[in-house]
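Taking the form predicted alone, here's one chain by itself in structure tokens.
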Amino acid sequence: MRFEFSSGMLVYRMKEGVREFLFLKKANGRLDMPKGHIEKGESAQEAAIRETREESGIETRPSGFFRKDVSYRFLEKGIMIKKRVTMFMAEVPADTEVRISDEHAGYEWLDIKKALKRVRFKNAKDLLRGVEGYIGREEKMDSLNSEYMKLPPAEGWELSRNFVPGEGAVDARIMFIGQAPGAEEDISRRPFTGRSGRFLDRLLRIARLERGSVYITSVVQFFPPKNRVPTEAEIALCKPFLKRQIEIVEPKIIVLLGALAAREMLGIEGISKYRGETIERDGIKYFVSLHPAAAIRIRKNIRVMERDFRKLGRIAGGNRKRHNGRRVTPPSSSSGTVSPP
């Protein structure tokens, strides 16, 4: 058996309120998406950008954190080939010009209903449905964040007025919940970008998880002055938004970073008894660990958290796939057995 790895892009536009996907037409009339082999030294994302440019003339980059692996097998000259295609997505302006390569006979923009009727293979149909569902989650999260960032009342608000949205794949299998943004996050408006964030990145590598494949947020998403613990009143204002984020993402595993997150999600007072353990409630596995800031303050906690994340990596092991000679963690995957997307 021979293994091949390719990458591509689901390019879409909004035209007169309708979402349309770009399809390239083969000489035999079959519809295809911009995609091709990952060349030596390229990442999957770099290959997708290059293939999209070469096959459609469109210069674009992936939108958001969508990434889906599609696997299938086929026979070529008597050799069984197992292929994995990593697909990204990108939104382009409605008036974007398409300049197809010589290997294609034309192109079409199709809405989801027409596309599902025209594409031939089941895994391509599943991919399109997955993208539609992902974009729907993104729209719900954008709407929620627009509402959340307007939360500060006119009087009595002591938190920062800089809203720090959650970040990551909105269909992530794993969600991380911390306490609240720090000073650096208040400036960057991204979660876990300061010293705690850099340590979290290291822990994610230990767990063999990619940051872009998980969703990272906090109980409170506004910076408390002097990094103090949020008050009960502040938590009460913010917690309903956290619950709605969980409903949108629908994670299978939620990692609770620190005592406040563990208390608010599980009612745990003090986490020493539960640290490194998994508690299942309402179909979700909650994994309890320290907050990365605790390891920065108390050095011995570094080894404690490293052990926790190795265990988390084993628990989350089903979410990892082998790709192009390295481990990757797509937010989700679909597979076929006989036909390409």
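Keep in mind the model is a prediction, meaning the values are calculated, not measured. Each residue number is its position in the shown sequence, starting from 1.
Missing here is the form predicted together with a small molecule; even so, the following discussion is about that form.
In summary, among the residues A169, M175, L203, A180, the only one with a non-hydrogen atom within 4.5 Å of the small molecule in the predicted complex is A180.
Stretch-level contact check against the small molecule in the predicted complex with heavy atoms at 4.5 Å: of 97-105, 186-194, 145-153, 119-127, the positive one is 186-194. Although the partner is absent from this view, R67 stays clear of the small molecule in the predicted complex, with no non-hydrogen atom inside 4.5 angstroms.
Mapping the unseen interface onto this chain, H291 counts among the residues with a heavy atom inside 4.5 Å of the small molecule in the predicted complex. In the predicted complex, no heavy atom of S213 sits within 4.5 Å of the small molecule. The small molecule in the predicted complex comes within 4.5 Å of no heavy atom belonging to Q245.
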